[in-house]
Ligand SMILES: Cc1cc2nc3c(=O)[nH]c(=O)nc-3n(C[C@H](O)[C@H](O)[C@H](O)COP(=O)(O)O)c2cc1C
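A lone chain, given as structure tokens: the form predicted alone.
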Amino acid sequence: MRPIQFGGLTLPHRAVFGPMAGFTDAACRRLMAQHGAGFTVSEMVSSRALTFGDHKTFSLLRPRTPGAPYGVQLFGEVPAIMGQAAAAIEGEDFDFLDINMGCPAPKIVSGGAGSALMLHPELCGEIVAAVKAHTSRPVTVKMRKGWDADHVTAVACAKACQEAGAALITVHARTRQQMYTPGIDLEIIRAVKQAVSVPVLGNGDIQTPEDALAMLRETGCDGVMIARGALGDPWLFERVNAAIEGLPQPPAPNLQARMNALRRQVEEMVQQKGERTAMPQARAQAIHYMKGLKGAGALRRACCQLTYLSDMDDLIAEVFAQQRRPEEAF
């Protein structure tokens, strides 16, 4: 099986880590790349904020992720401003530039950006063309199936984006109306793959290696993008990569390895952002590591109280204490 290539980049693996606002900061991206993500992408950043030179927005791009290709994701609905934003970050350290055409958040779509762009295939192409004209990096796109059941536009939008110069397209197999409700439409990924010649990644509901293999098999897509499924479980990339490459499944990490990863991730967040900013964000990251543990409910509540880095040590001690308690105590 040939590796995925686009715009001069060659991916080390076919499973990549998707962007998520509030989650895919530098510490999270590094962890996923370390465990085999084929590429990582920044949290989405506002094209308008970049043109204003907003320091906080620029900080979302830094530092680059080591170990795998790294992309910056822009959102916006005005081609000229998107082009200006691409020019504004040309001096930053990243490998490709991704355009958000899939975010379903009300505050994003109310302004015409994110998945609202799926209502306007021509505009999608115009945005890609404007961005491509102002960057030396490959331009990629992440989109949804469409806006709603009456506006399933992924094929039309993908064609417009490819014609404008997009080098890779990711398709989340739900409409904006569906948000994140269970169930995806694998057929729309297949339709996009058949309609364009650039690499296509499928996205949505990948929680296991079997999910990834089924998506590849049933859609013909070139690779898969994993997002929420890898939070608290970066080892998912190792398992998915092994399955795709026909290798034996790696051993599951023990509890100590899981807690070490969590502790290091939060410590890195504090180093990069400061304790006051990092710890409220660390609460959501920590909650995902509690999945499947004894006393998970109480542990999740403890995660919501994290205020200082030292609180992580108390949380981890409580995790081990909960696992030692007899089953009948729960």
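We number the residues from 1 along the sequence you see. Since the model is a prediction, treat every value here as computed from it, not as a measurement.
What comes next is about the form predicted together with this ligand, which does not appear here.
Query raised in the report: Is residue 226 close enough to touch this ligand in the predicted complex, meaning at least one heavy atom pair within 4.5 Å?
Result: Within the cut-off, so yes.
Query raised in the report: Quick one: does residue 262 come within 4.5 Å of this ligand in the predicted complex, counting heavy atoms only?
Result: Flag for residue 262 set to no.
Query raised in the report: Does the 4.5 Å heavy atom contact test between residue 44 and this ligand in the predicted complex come out positive?
Result: Judged by the heavy-atom cut-off of 4.5 Å, residue 44 is in contact with this ligand in the predicted complex.
Query raised in the report: Within a 4.5 Å heavy atom cut-off, is residue 145 in contact with this ligand in the predicted complex?
Result: Residue-level check for residue 145: no, no contact with this ligand.
Query raised in the report: Using a 4.5 Å heavy atom cut-off, which stretch among 249 to 257, 161 to 169, 197 to 205, 121 to 129 contacts this ligand in the predicted complex?
Result: Going through the listed ranges, the match is 197 to 205.
Query raised in the report: Between the options 219, 175, 140, 100, which residue brings a heavy atom to within 4.5 Å of this ligand in the predicted complex?
Result: Contact with this ligand in the predicted complex is made by 100 alone.
Query raised in the report: Among 309, 316, 20, 11, which has any heavy atom within 4.5 Å of this ligand in the predicted complex?
Result: It is 20.
Requested in this report: Output the sequence-ordered list of residues from 173 to 190 with at least one heavy atom within 4.5 Å of this ligand in the predicted complex.
Outcome: If the 4.5 Å heavy-atom criterion is applied to this ligand in the predicted complex, 173 to 190 yields only 180.
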